[in-house]
Structures are given as structure tokens and as C-alpha cells.
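What follows is a single chain, given as C-alpha cells, in the form predicted alone.
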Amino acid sequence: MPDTPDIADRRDAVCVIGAGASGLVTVKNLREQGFAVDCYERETGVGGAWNWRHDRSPVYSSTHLISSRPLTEFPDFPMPDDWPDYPHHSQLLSYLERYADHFGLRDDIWFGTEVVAVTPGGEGRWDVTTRSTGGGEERVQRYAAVVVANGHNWSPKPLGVDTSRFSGRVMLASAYKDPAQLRGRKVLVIGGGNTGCDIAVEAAQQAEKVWHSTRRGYWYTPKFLFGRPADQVNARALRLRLPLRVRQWLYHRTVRLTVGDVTRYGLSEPDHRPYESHPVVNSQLVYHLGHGRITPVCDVARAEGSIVELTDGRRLEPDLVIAATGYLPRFDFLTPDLLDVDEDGRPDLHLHAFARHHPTLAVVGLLQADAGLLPLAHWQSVAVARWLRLRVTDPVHAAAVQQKESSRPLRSWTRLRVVPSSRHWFEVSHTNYLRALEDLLREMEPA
């Protein structure tokens, strides 16, 4: 496509969308491969979802990590040794801010700037349209590649129940920020994931009455097992390459010994095996169930007037309903065909990162793992940066790598046995995924 006066050509520069954890590590690793980078961030600071001052952040005041510190930190920038096993969200934000300062990343970030559109510019290049979040004219610049790091936990999934005729208040979990919002209320929390369980526990300590609605049974993992963070125990079993069935048996026995039979409290029996759903890591839910502070209930059928009716016919009268039904990925600036997005909104990406038909378009951070995201995002972005560099320095080798990678079995890097829901679209075992990235990086080494 010929140049036009309206398009500023940034030549070999790469555009990164988002300055959260995944965006920051992408900028850093692209720069280490010699690329000029323009990173666009719609908010006024770094941190993405972990900067709870941002209006799209799902973080609330008491949020702590559910992955432990050693399995969450970037491999080349350790967290302080005196931090707790599960840091508070404010600590993680300060960590990301120090990461940005340590590697001098802020100079490449355009804050208060949102990406409006990303369109093919010919010959593998991309025209990126941006504008200030405060208004003003749009600007178009052409880049050699685009890496999307806009996160996938900011666009709430619809509740699926019509609440327009419900007289109480309905709140998305993303709008929940402080326990004061629960004080003295009769609260119904809908959703059995980590956020739903955490909010139910907070409501148990603040609200007059708490119901917790889930559509299926789950496996509940305490945060500590045998005196260690639970994910570290799991990571050791994965490093030993124990067969899945053996790990499932060990998990089942361990949970029975620590958590016990959750059906005693009115919860449903899990309808799937361990490791076939994203782990629910919560040490306090069962405690409050056992003290009668949380009443477990089934799925919601309808809501009208002051009544919420459940699928088993029971009727509740909450004055506050909190929908913690998860999030869906959104790429409003891309047409669905560029990421092979299906009718449900699920993109089809190799290693959940590389666009299959556009070698210069990638996504970083689109993962759900049994450990922290940051180490995976680091190695994802290393692979993306080295791939883009290989296309410049040795296009013949790059073509051979692409052809070989296209035949990589799905089972080598993703979980195939998972509960069929959007919550598990991007589920991976972190050890298997890191091995797949290691294989890719090895393939890209000079012959």
C-alpha cells in the first residue's frame, strides 16, 4: 500500500497496546531485540488491572494475589524477599511501577491515548489509529508489527438473567471496591469463581445476610498446604511430571483431608475432575459456610420485584445482587477475522499468542494458568520479540519455524480436559506452556 500524507510511517517500530503487566514486559523485551516501540495506554498510569484507580480495574480494596510470590514475579525482576506469600494488590502495583522505572519504559508509553483501530497496511504492516481519551483528532501511524496487551479481565460477561424488573440494586463485580458497600445489606453473590468466593467471604463479615449462587460444584483449594502456598505444591508435582491421573488422585485426597466434604455445607459435588477447571483458591469460604454466615444456593432463574427465584424454585429477597460471572476478551480495535474470532468471541491463536494468518500480529497475556501470569507473559513476549526479529534477519528460517509451529499438537501447550465454559478458553498448565515456549525459542536459534 503506498504512503499517504495522512499516515505517519514509523518504519520498523512496533506498536504495543496496553501498559499493564503484559504490555510493560512486551515493551521491555521488544527493546532488548532492538525495536523502537510505541506503547499506547488509555489510562494515566501503568499497571492495567492492578491499578485500581483506573475505571476498568476489577480490583477491590482487599484484593490479594491467588498465586504466590515466587510463581508471580518476573524472572528478571524479583519481588522483595520480605513480602508476604500472597502480596496485596497495592504491592503488585508498586512492583509494576518500579519495573517500568527500572527498565526505563515510561519514555515509550503514550498515556491517555486509546487505540481506535488497527488495520492491515500491506506487506505485513499495520495502520494504527489513536486518539486522546480527552478528545481531539485521530492520528494514524504505520507500524511493522502490533502486539496487543489490553488484558482480558475488564469487560464483564453478561449475567444472563433479566434484572430490569428487579427492585433491588444489581452490581457487577467490577464495580465492587469496598466492604462498606455490603454493610447491613442482604446480599446475593452470583458466580463461583475466585472473585465471587472472595466477595461472598467479605459479605459474610459485613452483610446482614449472604447467599452465594453457583451453577455447579467446584474444587476449593486452601491457600496453604503442608505449610506452603498451594500453587508451589502443585508446581513441584508438575516438575516431577507425574501423570495427570496421579496428580488428580493426590489433589482429591489432599482436599478431602484439608477442606473436607463440601456437600456437608450445602454445596454441590464437583461435576468434573481436579485440574479440569481454573482453581478456586480460598481458605475462608468453607469457614464462613461452617459458621452459617454464607448460605449456598443454586443458579438464578429470574428476578422480579423484590424476589429472586432460583432454578430449584426457592425465592430469595436480597436488596443487593453482585454478579461475579467473569469476563470476556475484547478487541474493539480489531476486526474479528484478524484473530480468527468465532461467534462466541473466542480468538484462535497459536500458543494463545500468535495470529495464525498474520505473522506480525500477536497477543500477550491472554492466558489462564495454574500459577501467576507474569512469568508466562515474560516468556510469551520474549518469543514474540525474537520471532519479529527473526523475520527481519532470516526470513527463510522464520518461514521454516512458522511451518513447523503450525503443526504443533494442541495438547502440547493447552489443557484439553476442561469444563466447557468461557472461563476456561485460555487455560494452560504453566509448566507445559513454558516447555512449548522453550521449544519455540530453541527453534528460532541460528542454525
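This one's a predicted model, so the numbers in the text were calculated from it and none came from an experiment. Heads up: residue numbers just count along the shown sequence, starting at 1.
Form predicted together with a small molecule: not shown, discussed below.
K.L.:
Quick check: do Gly18, Glu43 and Ile66 each get a heavy atom within 4.5 Å of the small molecule in the predicted complex?
P.N.:
All three within 4.5 Å in the predicted complex.
K.L.:
Does Thr72 make contact with the small molecule in the predicted complex, using a 4.5 Å heavy atom cut-off?
P.N.:
Yes - in the predicted complex, heavy atoms of Thr72 and the small molecule come within 4.5 Å of each other.
K.L.:
Using 4.5 Å between non-hydrogen atoms, is Thr113 touching the small molecule in the predicted complex?
P.N.:
Yes - in the predicted complex, heavy atoms of Thr113 and the small molecule come within 4.5 Å of each other.
K.L.:
Under a 4.5 Å heavy atom criterion, is Ala149 part of the interface with the small molecule in the predicted complex?
P.N.:
Flag for Ala149 set to yes.
K.L.:
Look up in the predicted complex whether Val382 has a non-hydrogen atom within 4.5 angstroms of the small molecule, and give yes or no.
P.N.:
Output for Val382 is no: heavy atoms all beyond 4.5 Å of the small molecule.
K.L.:
Exactly one residue in Val297, Val308, Ala100, Leu373 has a non-hydrogen atom within 4.5 Å of the small molecule in the predicted complex; which is it?
P.N.:
Contact with the small molecule in the predicted complex is made by Leu373 alone.
K.L.:
Within 4.5 Å of the small molecule in the predicted complex, heavy atoms considered, which of Trp413, Trp50, Phe35, Trp387?
P.N.:
The residue from Trp413, Trp50, Phe35, Trp387 that makes the contact is Trp50.
K.L.:
So if I measure heavy atom distances to the small molecule in the predicted complex, which of the stretches 27-35, 58-66, 400-408, 387-395 falls within 4.5 Å?
P.N.:
Only one stretch qualifies here: 58-66.
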